[in-house]
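Single chain ahead, by itself, as structure tokens, in the form predicted on its own.
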Amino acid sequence: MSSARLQFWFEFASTYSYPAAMRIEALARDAGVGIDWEPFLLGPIFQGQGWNDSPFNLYPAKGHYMWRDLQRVCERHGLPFRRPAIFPQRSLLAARTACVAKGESWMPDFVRAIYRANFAEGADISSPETVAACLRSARQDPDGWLARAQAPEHKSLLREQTDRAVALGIFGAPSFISGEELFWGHDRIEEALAWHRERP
């Protein structure tokens, strides 16, 4: 078994990152694999590919399939689902907050709360009030963490994370990195965990 940790790269506006974030911790625990939670933004990556919107909006047939498929995935795994009124939502503040909270034991709880707000409750995750509520659900002081997330010295953290994602060859979310191996998509969780577990 690898002594390194599997990297889980996620974007709060990403549809398939929702079931991945809700499932990965239990799956990783059962596999005996440690997880590094890595927030980033897809917008700059899409812009680098010449897209000014989500490909699910740019290609309607693909988007129609994705929403039905996501509903099936959520039903299969017992996850609540409500299609957001706006897609993709602006996730800048939530992602900055996750960046400053990296390594904190409660950070996965916050991440899952943001995903529930976006894809189960229909909340506006760009709103400071929504992010604050998600911090409270993780038993954290929202004022303190929101202040850190918006502090000038911390605003670069998310940009650095996104630059790291680009350097690793990440082009979508969710993505999983094991050593130099990239696995993309919610349906690759089990494969990524098995690969990681079997490597020295």
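Worth saying up front: this structure is predicted, and the values here are computed from it rather than measured. In this text, residue numbers run from 1 along the sequence as written.
What comes next is about the form predicted together with another copy of the chain, which does not appear here.
*Asks:* Going by heavy atoms within 4.5 Å, which of 22-30, 58-66, 130-138, 146-154 lines up against another copy of the chain in the model of the complex?
*Replies:* This holds for exactly one stretch, 58-66.
*Asks:* Is Q49 close enough to another copy of the chain in the model of the complex to count, meaning some heavy atom within 4.5 Å?
*Replies:* Residue-level check for Q49: yes, a contact with another copy of the chain.
*Asks:* Are any of the heavy atoms in G169 no more than 4.5 Å from a heavy atom of another copy of the chain in the model of the complex?
*Replies:* It does: once another copy of the chain is placed as it appears in the model of the complex, G169 has a heavy atom within 4.5 Å of it.
*Asks:* Any chance L182 has a heavy atom within 4.5 Å of another copy of the chain in the model of the complex?
*Replies:* Yes, contact at 4.5 Å.
*Asks:* Using the partner position in the model of the complex, report whether D109 sits within 4.5 Å of another copy of the chain, counting heavy atoms only.
*Replies:* Looking in the model of the complex, residue contacts with another copy of the chain do not include D109, since no heavy atom lies within 4.5 Å.
*Asks:* Work out which of A123, V73, A101, L93 lies within 4.5 Å of another copy of the chain in the model of the complex, going by heavy atoms.
*Replies:* So the residue touching another copy of the chain in the model of the complex, by this definition, is V73.
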